[in-house]
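A single chain comes next, written as structure tokens; it is the form predicted on its own.
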């Protein structure tokens, strides 16, 4: 297999993990990463060969707006592309068709797509929502998916790809105004929360401060904190977390479109 271009937005690492498993299934001779997660990670690139894997997390049934903006600079000359969407065991809604439309507009030839489960950003040790996903079985399926895609490419026979979702897309909810906070007594000021924030809105000084107005609620800072000093306890978040735990506890399985 030729070069695999891994293009992904992955604040908590789940989208990257599945994308890498698919590339493993390809048996790609070379893997190039285009990680658009962190501030300044903008690639002004035209891909002319190989196969692209374009991965995103699903935020409220849509491609995250920040991710959408950072993907704009990557274009292609009609190379094959595999789409990957990770959602937190609720629904992926219109995110996959939105990613398809974005990819096609940027010159990719979408030949396959996969939807996988990732631990929900609001999952906590005491309120589990798809905790530990993607698990070993998910990654095994991702590898098998990559093998199927490799066979598809080798056949050079591409049919019109149908996938679930609607156009026009569902309305994008407004993020911002709520953000995780730091427990000053637990915090060791390691700065890890600031390092993983996709927007760079966490400042480490005498106190840890967060610009909540721009927070996208990915909770990368919460999951990266090794001393559990970051928490998201806003009343509206607690209510949403309880609803998700109640209604989305039955494990869902990955879906592929090829």
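Source: prediction; values computed, not measured. Residue numbers count along the first chain shown, from 1.
Just so you know, the form predicted in complex with a small molecule exists too; it's not on screen, but the next bit is about it.
Undergrad: Would you kindly say which of 199, 32, 194, 60 lies with a heavy atom within 4.5 Å of the small molecule in the predicted complex?
TA: In short, 60.
Undergrad: Can you check 81-89, 178-186, 159-167, 68-76 and let me know which stretch has heavy atoms within 4.5 Å of the small molecule in the predicted complex?
TA: So the stretch in question is 81-89.
Undergrad: With the partner left out here, check for me: in the predicted complex, does some heavy atom of residue 121 sit within 4.5 Å of the small molecule?
TA: Residue 121: contacts the small molecule in the predicted complex.
Undergrad: Can you check whether residue 222 is within 4.5 Å of the small molecule in the predicted complex, heavy atom basis?
TA: Looking in the predicted complex, residue contacts with the small molecule do not include residue 222, since no heavy atom lies within 4.5 Å.
Undergrad: Test of understanding: in the predicted complex, would residue 36 fall inside 4.5 Å of the small molecule by heavy atoms?
TA: No, residue 36 is distant from the partner.
Undergrad: Residue 28 versus the small molecule, in the predicted complex: is there a non-hydrogen atom within 4.5 Å?
TA: Flag for residue 28 set to no.
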